[in-house]
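Before any questions on binding or motion, here is one chain by itself as structure tokens, the form predicted on its own.
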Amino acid sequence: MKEHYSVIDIGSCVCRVVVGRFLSDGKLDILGIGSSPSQGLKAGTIVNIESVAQCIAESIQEAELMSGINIKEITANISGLAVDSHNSNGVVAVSNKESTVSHSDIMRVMEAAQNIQLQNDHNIIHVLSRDFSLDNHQGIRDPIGMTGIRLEAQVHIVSARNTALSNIEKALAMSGIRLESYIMSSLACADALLCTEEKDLGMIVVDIGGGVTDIIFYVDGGVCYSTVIPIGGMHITQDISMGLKIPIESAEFVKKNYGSSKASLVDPTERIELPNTNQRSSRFVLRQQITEIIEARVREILEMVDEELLRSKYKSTFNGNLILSGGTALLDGIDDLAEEVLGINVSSRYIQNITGFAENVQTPEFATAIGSLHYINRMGGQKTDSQRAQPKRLLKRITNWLVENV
């Protein structure tokens, strides 16, 4: 196991690098942080590789200065419309004479479950088990060593467009960094915010980023649904910019300092001064006007989330909670609005069990980066079976796959 790990969250608005190590008590010790405003991305997809490489280089340099560590390789998140996901089943007969499930049986049922038609130019990056069934016994996490005849695996398969994966790798290489592995953004975010018991009970995590909104849905401990909506917090900023006729930078300031998700929570007589935009005189607007702009867009995002939850076919029987993450989760009143739109219990959450530069990363914006650290630590710092450079040895592939789904 490595002494420390480095991860990068290449977001549509901000590129974040975090260096951390795990202590003997299980806490994450943050050693270094770097961030830079993102350029060259649109809805989570690279559209200008040189601009992205520059943002990466600036973030890495800052993290290196803070941590005193020379970063050579890194784990990156993947999100946006380049990501796709499917549920799949695989069924095989247990092969040995004693009818005892072996590693080779797991390998065969994994391969059977992955026998699906992928989109053109897509490659599998995660195979996430929902559960195994052995004969008539369901809900088995690890069937190795158990006795049975018919082994079935239910899995959630995540794939990504090869061109998107290659562009991330190239942008990192232009910054002198080797890509170690990928992780789906929503999976990382869930690792930062949820414990195993919560996943068992059933949870939903909705991460409203700058350009996209990531959704991941857990039922009985496994991922049953994940998707990406191509709309996020930056769209709220753009609405404020157009509605108030102010620059994007000023609109972002107004959103963060005066924004609320529900107009009913704001004093209708409260007036705020807009940031100076080189006008001769100060300009004031009602705060309620700002909130009405924000509420309309947040409501639209939440309605799109609800459509995805209904499409999953699991919402009707869901009794768990939904956690909001991402910078937009910091908006006042968003939990109440989300409960109103979605009809389920909603809350925001700060990241726990962190030491070192903890105060810098405990907010929802860092959930993906912190979760990536937890994920690769759980995986022992090695590439998973689902990465493009797949391990050759059977036992290593099986062990990694089982660990990934604990």
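Position 1 is the first residue in the sequence shown; the rest follow in order. The model shown is predicted, which means the values in this text are computed figures rather than measured ones.
Unshown form predicted together with a small molecule; subsequent notes refer to it.
Q: Can you tell me if residue 192 lies within 4.5 angstroms of the small molecule in the model of the complex, counting non-hydrogen atoms only?
A: Residue 192 lies outside the contact set for the small molecule.
Q: Is residue 327 a contact residue for the small molecule in the model of the complex, using a 4.5 Å heavy atom cut-off?
A: Yes - in the model of the complex, heavy atoms of residue 327 and the small molecule come within 4.5 Å of each other.
Q: Can any non-hydrogen atom of residue 204 be found within 4.5 angstroms of the small molecule in the model of the complex?
A: No, no contact at 4.5 Å.
Q: Classify residue 143 as contacting or not contacting the small molecule in the model of the complex by the rule of any non-hydrogen atom within 4.5 angstroms, answering yes or no.
A: Result no; residue 143 lies far from the small molecule in the model of the complex.
Q: Please determine whether each residue of 86, 219 and 226 possesses a non-hydrogen atom within 4.5 angstroms of the small molecule in the model of the complex.
A: Answer is no for this spot.
Q: Which of these stretches, 253 to 261, 103 to 111, 283 to 291, 160 to 168, has heavy atoms within 4.5 Å of the small molecule in the model of the complex?
A: Looking at the other structure, the answer is 253 to 261.
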